[in-house]
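Take a look at this single chain, the form predicted alone, given in structure tokens.
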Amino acid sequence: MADGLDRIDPVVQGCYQRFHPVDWKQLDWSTKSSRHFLEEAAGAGVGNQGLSVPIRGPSGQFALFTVNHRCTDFEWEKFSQNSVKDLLLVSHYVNQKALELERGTDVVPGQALSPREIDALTMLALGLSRARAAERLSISEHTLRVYIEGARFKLGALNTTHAVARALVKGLLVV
């Protein structure tokens, strides 16, 4: 950022260091500059609660998808527990669309997924762990990983969550 706010914003700093969603309450807001930053953000309408998803693009891009609200800790905890999976999918979809708009393309055509790759991603989309998904499909976890990696490659996905999101957006999964 040209104004250097990325060096004092605990959300940006916290997300640089993580790959999973970051609840703002987990971040260090103890410095004077971060407290001042938070006060200014609140004055501009940013809520006291937030969840940010760090997203890394295929060419080294870094983006954040953030939702925030002004509510109690209890209300926020309930919201984030119920919504984190959906927010992960939405964040990757929004980032994918932003990249497509930036390069002036629409959905890039890809290779068709095999039935087993679709099965593997469907189990994960339903929220099953890899162990449970492998058990349901009567295959080993190693074989499941092979299907997932094949699907990721065909979908051009950065990670498993991104592969599930892309497959859902393309209508390849029935959940």
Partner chain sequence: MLRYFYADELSSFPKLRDTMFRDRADQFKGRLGWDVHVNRAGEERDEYDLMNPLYVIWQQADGRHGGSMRFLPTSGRTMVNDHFRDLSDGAKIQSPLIWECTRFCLGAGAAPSVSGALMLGGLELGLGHHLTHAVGVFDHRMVRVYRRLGWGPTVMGSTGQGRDAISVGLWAFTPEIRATLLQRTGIGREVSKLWYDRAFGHRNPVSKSA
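Just so we're on the same page, rigid core means the largest C-alpha set that superposes within 1.5 Å between forms. Please read all numbers here as calculations on a predicted model, not as lab measurements. Residue numbers count along the first chain shown, from 1.
Heads up, the form predicted together with its partner chain isn't pictured, but that's what we're talking about next.
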item	value
126, 63, 38, 67 - the one with a heavy atom within 4.5 Å of its partner chain in the model of the complex	38
4.5 angstroms heavy atom contact with its partner chain in the model of the complex for residue 149	yes
Partner contact for residue 48 in the model of the complex: its partner chain, 4.5 angstroms, heavy atom	yes
Contact label in the model of the complex: residue 114 to its partner chain, heavy atom within 4.5 Å	yes
In the model of the complex, residue 98 touching its partner chain (heavy atom, 4.5 Å)	no
Sequence-ordered list of residues in 17-49 near its partner chain in the model of the complex, where near means a heavy atom within 4.5 Å	17, 18, 19, 20, 21, 23, 24, 25, 26, 27, 28, 29, 35, 38, 48
Core-superposed C-alpha of residue 15 shifting 2 Å or more between the shown form and the other one	no
Residue 51: Cα shift of 2 Å or greater between the shown form and the other one (core-aligned)	no
Sense of CA distance change between residue 15 and residue 130 in the model of the complex, threshold 3 Å	farther
Cα distance between residue 86 and residue 118, which in the model of the complex differs by 3 Å or more from this form, closer or farther	farther
